[in-house]
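Structure 1 and structure 2, given next as structure tokens, are two forms of the same protein chain, each shown alone.
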Structure 1
């Protein structure tokens, strides 16, 4: 299991995923096809340009149509293109459809860092995955367009604000590779003298400095492919949010967005006023509110996506009967993505 990655080849980096070999094969096929055709066409062109150049005593003899020749050079490329399309489409479908038993990991991109949230609700700034297991990344951005890129996996996928995109891979070797954001632009550092305010990472395998550098180019992280045992150890180390659920008598949410919502519930301070047990606090408990009819100062409303969104961004618009208008607005403090996650969490509190 500890065999090294397939080494880098002529133009491509080492291979670390189940799709790398196919992708590289197609890349090199197109590459060498282009080289052969380029040389053949340019050589022929030069040869004829010299052979039929204008000279004294030579008269041009225009040729007419040559139907068989024209059909041949139309049909031949058609076969090549159909073959390339077939291989490309096959590869695309392989990469688009994640196996059903994939481990789902949430990827949150933001200016200028990555966050990875695991099925147990814990999170880390670097991506850890077990070897020989399909992993599905569900990716969202809280601000601008980013692009998740791991060269050795041959995986690159845009991460778009306001929606989820996904990518999957299965790592074939224990090892590590770089994670980069493939939106290369970004501002210069704000460090004194223009240099980067580096803080060396404490992980010796990470050659990149962590720091306050700004720009997509500064969104360096690392992928660590680990043995199943090491991966389990890592999951334990980042804290098991499922255990927190268990301690409140609930089962772990299958839905990782809900696990992320639980994190926000405490990180954003909602827990100061809202319980999840049914007991009212300064605000109504979240337990069982999803879908119910709520009495408010403007009449009865249904607790749904729009209502919850409004409650978070504009809490004074509708005041729940029996409670004071004391909830502060979280406009500008929670993103659309985070609102979705809070909603998933509220939904899970049956």
Structure 2
């Protein structure tokens, strides 16, 4: 059964995530504080301007120095700023650290569309997520700087070429909202007659074109928050990779991306240097390496998406202490999807 969408607030759209209420509270606190201070300052200014206006028979006298007043209006704002910093940093940390049980969805941004790759290996130009379940987005760009923005979730995160960024959220109710690029990412092309070619979406909930729309202004998609049952139906509908395993008589792995990464581990020759058992090798063992802090020639680094990507494409950039610079670059030999699959395999070796 679908839950009703929450109504929009005074100035902001509806709240669809667990962090929306806290973000809105801080926004409205700053807004109304600004209103109160503006009214108080302007009213005081007008009062003194009228009271001490130039009049016949009145001679102006210097006001002099008032140390307590000057200290008061210097110190008082510091308490407000400290409170705002605390609330802002607290909210930032809440949104920066995803729960351990989050569903990981890959986001590929390109001029001018979004692609979402799901844990079952299927992909879609629209983002579908289950309600009341944390979702972590691992995002990358194939061309220029983009910015993933969903107003109702209060989520906005830059998507930068050459590196991964991430964001997470947990939707509070079934519904849908617009996904936009909040960073100007290029112009648009038009059809022969000057019109913008596009293919209308088959989904009546999606008012935006899909497929051929071009230009930054048209880089829209949709977020659909669904019941767990509808989410599972969606995953089946986009081509569940488990069906491929079933057709060959094999058991579907729990993590398809990790299974594909295991295949690449052999096919790309990674096993020649990296063990998966913890035993020493030419390079660091992949066993339990994900999330660790490693000492390198440029300092301590955390083994995460950006480090693994850089190590595959530019292995000499950060060399783990105790290992020589012997790994060749795989730039041009592996795709972004294959890098994602290798990372999934390394994560599975915890």
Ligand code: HEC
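Positions refer to the first chain, counted from 1. Predicted, not measured: the structure shown is a model, and the values here were computed from it. So that the term is clear: the rigid core is the largest set of C-alpha atoms that superpose within 1.5 Å between two forms.
A.B. asks: Structure 1 or 2, which would you say is the form predicted in complex with ligand HEC?
C.D. replies: The form predicted in complex with ligand HEC is shown as structure 1.
A.B. asks: Once the core is superposed between structure 1 and structure 2, does residue 334 show a C-alpha displacement of at least 2 Å?
C.D. replies: Comparing forms between structure 1 and structure 2, the residue 334 CA shifts at least 2 Å.
A.B. asks: Do you see a C-alpha shift of 2 Å or more at residue 26 between structure 1 and structure 2, with the core held fixed?
C.D. replies: No, its C-alpha moves less than 2 Å.
A.B. asks: Align both forms on the core first, then report whether residue 263 has a C-alpha shift of 2 Å or more between structure 1 and structure 2.
C.D. replies: Comparing forms between structure 1 and structure 2, the residue 263 CA shifts at least 2 Å.
A.B. asks: Check the Cα of residue 344 between structure 1 and structure 2 on a core superposition and give its shift in Å.
C.D. replies: Comparing the two forms, residue 344 shifts 7.7 Å at C-alpha.
A.B. asks: How much does the C-alpha of residue 64 move between structure 1 and structure 2, in Å, given a rigid core overlay?
C.D. replies: After core superposition, the C-alpha of residue 64 moves 2.9 Å between structure 1 and structure 2.
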